[in-house]
Every structure is written in C-alpha cells, then in structure tokens.
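Next up: just one chain, as structure tokens, the form predicted on its own.
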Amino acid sequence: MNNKVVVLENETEAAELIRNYLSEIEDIELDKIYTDYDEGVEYCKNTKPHIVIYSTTENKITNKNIITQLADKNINTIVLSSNYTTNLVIEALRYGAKDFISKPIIKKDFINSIKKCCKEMVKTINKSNIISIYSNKGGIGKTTIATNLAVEFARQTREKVVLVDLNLPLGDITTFINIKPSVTITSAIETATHKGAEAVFNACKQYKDTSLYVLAEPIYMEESHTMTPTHIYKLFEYLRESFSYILVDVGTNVDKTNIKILELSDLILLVSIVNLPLIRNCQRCLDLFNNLCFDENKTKIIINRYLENDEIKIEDVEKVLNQNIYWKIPNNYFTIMSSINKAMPVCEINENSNVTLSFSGLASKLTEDIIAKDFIINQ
C-alpha cells in the first residue's frame, strides 16, 4: 500500500520539482497539491495523509497554526523554507514538524526525508531525553516541579512523555495528580525481565486524555529496596523505546541507585531555595557531580519559591555556586497548595497564575534547548 503525500506549495516551479522527486520514490503516491493553504489543511485534517510537505510563508503565525494543526492530527509534516536559520528550524520542530528542508530543494535530502517519514523514524530529537529532578534535601517542592513540568511537556510537545516516580521509598506522584495505576514500577521491572519494553509501557498509566503517562511508585516501602542500578539501566532502556521525554522524580538519598539515575540522565534539574543551608547543599551536589565527571552543561539549577525581595539576591547565589541560575519558579503558596490538596496540576487550578506561566516557560525553554543541542549535533 502506497503512502499518500499532500503538498502545500504556492510556487509552481517548486511544486513541479516536488512532483518529479516524489515520482522516483517507491511506495509513495502524490495525492494532491494545494496552493490554497487553508483548503489544503482542511483536506489533510479530514483525510489524514501519511505525509504533508508544507512550504512556509513569511507569516510566522500562519506557519505555526498550520504546523500545529497538522501535528495535532498526528500527520508527519516536512517543512520547506528558503529561510534556513537555526531559530526557524527549532520553531518548526517545536510546533510539531518532523523534518525541515531548505530551499532550493536538494534532491538527496528531500528523498531521504520522505523515506524516514515512511519508516516513522523521524523525530524532533535523535533519542529520548531523560530529565531528572533532584535535590539532596526534601520538602522544597521537587515533586511539585516534576509533576507540573511533565504536564507542560505533554501539552507543548504533543510527544509521548512519561513521569517516573523514583523518589524511593516515599514517592507520591500518583497522589499529586490523582491517578490509580494497577501496576507499579517494581512489578513493571519484574515483568519486563520476561516481556521487555512492552511490559514497561503497559505499566505506565495515561493521565486523562493527554500524551502524559505515569510510572507509579511502589505500593509498599520495602519494595523499593529491591531496586538496583542494573534495574535502573534496563528500565531507562525500555522507556527510551516508547517515550520522547522521560521525567524522573529522584529521591534525596545519595546512594548507588540515585547516582545511576543521575548518571544516565541527559539533564539534571537541581532544585534549591534561596537560603544559606540549601545553597550550601546545592554546592555539595555540584561538587559531587564534578567528582563524578558529569558534563558541566548537564546540570541546570532551578530556584523554587523565588521572591524578588529575598534578602539573598540571585546574583549572590550565582557567585557562590559559580553557575548561572537556569530558571526561577515564583513563590505562590495558595495556588500550589490548592493544586496539591485538589490533586491537580497548577494549570488546571489557574491557567493564568504566575506559577503556571513559569512552569510553561520552563518546559518551553528546556524543549528549545534540547532541540537546539540535537540539531547542532546532527549537522
């Protein structure tokens, strides 16, 4: 069965060139070419072709709307543009495009991109990213950050996202967003020994009708003691097969299991609060990561419960830690407590609150940085 392709292109010569290139690719059928983009998008939304080739306009809002509408329908979209800049590529990929090709079109690049889409191998990133949220002290909002950030990743990327509760032995992510999975992380790992990645994916509970899934904490505290660094390695290996983003709520202990989690992570969000003891603990974590030879760009410092009139200024913190603060999450006690008590993410409590907008901004910055990094690596 041939894969159907729809082309949105208002330049006659470019459209004819695309037609000719497509005719040379096996198992590809050109369905329609549209110069009227609105009409073409509606057709695509109704018929859901396997691939849409979209030639951008000069209007950024139009580009965003078209790419996101197609992505929402899970249609593989290849973007063409004569304006080939890193920022434009990142924007297109973030909106949901599967690939980006510069104009004038190079035949080899075009055909390779089509073939990748046919195999459903094209991704915004070349592998899934493991993002661990960590602090060596409890009670500073680490789980709140992990939960709300995971929700925002799913909302913004439309990729499959999994939130993994490895805050052993006292994880409580399921309480934070009110889900009741039938399988926990320990039983998933046991089953995966025989059934592999499918067993781990099936253990992940979908959150409402979103692309967010949750791998729940153990029911009983003693179960957490069965987790080993080897289990962690296999778990992440299986999760990478199913999810684009893996967010991990890590426990506060500095033990072999947590060290393995951090070692395997692509990014570590090191959470702190602006007070002297916690800044000191943050410094200890940075020293530990340095002794473990972690890449210096791997750790991003997140300040939670930030107040602009804090006695200790951010500049002072950065000077002590010798590292820039990556993001500041404002102190909004009432919205956060309402979120926790109602077991709902803050975006469902008040989508316009400063803390909701902060989580949204953090997710956006992280995805842009990840895409930019992988785009540069793949050049």
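Numbering starts at 1 and follows the sequence shown. These figures come from a predicted structure and were not determined experimentally.
Just so it is clear, the following notes concern the form predicted in complex with a small molecule, a form of the same protein that is not shown.
With the partner omitted here, the residue from F176, Y95, F243, F110 that has a non-hydrogen atom within 4.5 angstroms of the small molecule in the predicted complex is F176.
Checked against the small molecule in the predicted complex, the residues C347, I340, I325, L30 give one hit for a heavy atom within 4.5 Å, which is I340. Highlighted residues G138, T144 and N331: every one comes within 4.5 Å of the small molecule in the predicted complex, counting any heavy atom. In the predicted complex, at least one heavy atom of N304 sits within 4.5 Å of the small molecule. Using a 4.5 angstroms threshold between heavy atoms, L362 stays clear of the small molecule in the predicted complex. Taking non-hydrogen atoms only, V355 approaches the small molecule to within 4.5 angstroms in the predicted complex.
At the 4.5 Å threshold, heavy atoms of C44 stay clear of the small molecule in the predicted complex, well away from it. Only one of 156-164, 261-269, 231-239, 304-312 lies within 4.5 Å of the small molecule in the predicted complex by heavy atoms, and it is 304-312.
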